[in-house]
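Let us start with two forms of the same protein chain, each given on its own as structure tokens and named structure 1 and structure 2.
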Structure 1
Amino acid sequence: MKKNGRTTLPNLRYLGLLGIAVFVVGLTGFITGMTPVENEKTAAGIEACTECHEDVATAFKTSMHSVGKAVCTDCHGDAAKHIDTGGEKGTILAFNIKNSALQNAKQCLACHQDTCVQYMSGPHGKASMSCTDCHGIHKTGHNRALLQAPAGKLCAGCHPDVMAQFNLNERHRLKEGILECITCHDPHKPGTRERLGGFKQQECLKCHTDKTGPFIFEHEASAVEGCSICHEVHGSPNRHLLKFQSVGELCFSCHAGAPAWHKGLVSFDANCAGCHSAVHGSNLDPLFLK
């Protein structure tokens, strides 16, 4: 229950003294949405901290969280021991790397369920990253969403290999600001090949509306596997962001069984899509010829 001086259920400390009634109130608070439970120090709100943390407290008053009526202990947890000991080390939750990602995220999740309910099963939660790797609560002169750095720079800093793809000839226009990493990825959610937070292919189809379907004749590759089975989405040396240099190579990576007369076409670097022009799906032809 107690870790680094933090109590997730502050009222339980007084269980013995205050008896069953308080226990029921505390427990109900815990079960119903995990709203941070008030303790006697919270009642004094920010004032209880101002004496010793004037700079932080003053800056906080104009912050988004203060306007939203959050107080210091909503995030930092029970501060009774911290105050009693005059700020002794290890007496309050300080969101440092000594804690697990889950311990750090817990206080935040109490209010940000909607955004973060899947966080721990996503790649960043799994990699033991804390909210504070990307968000700076007390930073002043803030970027959007209290980010530590503008979103593009933030992601690029840890994913330089991906940024390199956006420098290739064929690429999405990230650098020009037409889209951002977070257009396609939600950093708080697990992603799969074609599901990057949101419904399948939804993000792509918002812009590429002609590929939306549903088509009478779906190409299973697209309908089942998703766009990224054929496209290198960030950037690629190949035309149309394709995974293979020639369209023929791409098609034959799945279609060993095309009619015999087709085989010769590969050596001509055949553009299969020249005839099978509706390769994303068709309403007219089961072979995607139109």
Structure 2
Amino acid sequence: MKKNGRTTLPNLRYLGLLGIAVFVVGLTGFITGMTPVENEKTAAGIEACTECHEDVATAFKTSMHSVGKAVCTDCHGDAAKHIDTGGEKGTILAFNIKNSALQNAKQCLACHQDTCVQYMSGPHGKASMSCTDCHGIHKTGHNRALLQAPAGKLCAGCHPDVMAQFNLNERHRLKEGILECITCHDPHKPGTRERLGGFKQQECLKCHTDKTGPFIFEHEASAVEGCSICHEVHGSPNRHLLKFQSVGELCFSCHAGAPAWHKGLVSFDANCAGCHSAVHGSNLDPLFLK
């Protein structure tokens, strides 16, 4: 600009303030993934519901669902009739037990189909469990997954028999917090890994890498049935999580017809692994000898 016939620069103080304002607006949009117009729309949508559902709306503000473009109607559907009737029940999707699991899950899968698309074909979906049986829509939850409780406690509510096995002397370290149920099991997918057998033992090999192989000579039980043919995957009173206290009894449950020259050695007290030490697979001997 020109002042008194001289060219001068704009006031740097005002330019600095303008730059800060632009930065703040841009940062807000970056964090929430929304433009200022979208932010205004989200706030208005929540405000309309807050008039009657203040406690829910307050909790929602600290929920992972609030970090994004979601508004109440994205999950609960069009609220026009609900408002016109003064909040009459049945005029909006309430995610309650009156709805089928499919009806509740359908709304969730609209956003979560990339990770949960097979949910309804899994054991939880087939058992008519809704997403909200484990997840809270509005509250912060115990982690980013909005769980109603820590994962172990949630699973224990329906699987007490399994959780009891983690109290045995030989067990996977669930109680110590080293792993969780979801470390091995995906609750949103079909139950193909229910017993973690056959090719599904790859889940076990993520931790037990020394048993991975590949081996020239594979133990057929491990290759076909998987780790669970010999081991109880949650907990056992026997060492190494074995299904039998005696190694001989475990081996003879499959190898009933031992060779004749084993005479005198064939008994439930025998320690087959004393000679057949490479029981998980060998690159040297087809009989898994030392």
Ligand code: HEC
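Throughout, residue numbering runs from 1 along the sequence of structure 1. C-alpha atoms forming the largest set that superposes within 1.5 Å between two forms make up the rigid core. Every value quoted in this text rests on a predicted model; they were computed, and no experiment measured them.
The first of the two standalone chains is derived from the form predicted together with heme C. Core-superposed comparison between structure 1 and structure 2: the Cα of residue 242 travels less than 2 Å.
Once both forms are fitted on their rigid core, the CA atom of residue 53 lies 2 Å or more apart between structure 1 and structure 2. Core superposition gives residue 62 a CA displacement of 4.6 Å between structure 1 and structure 2.
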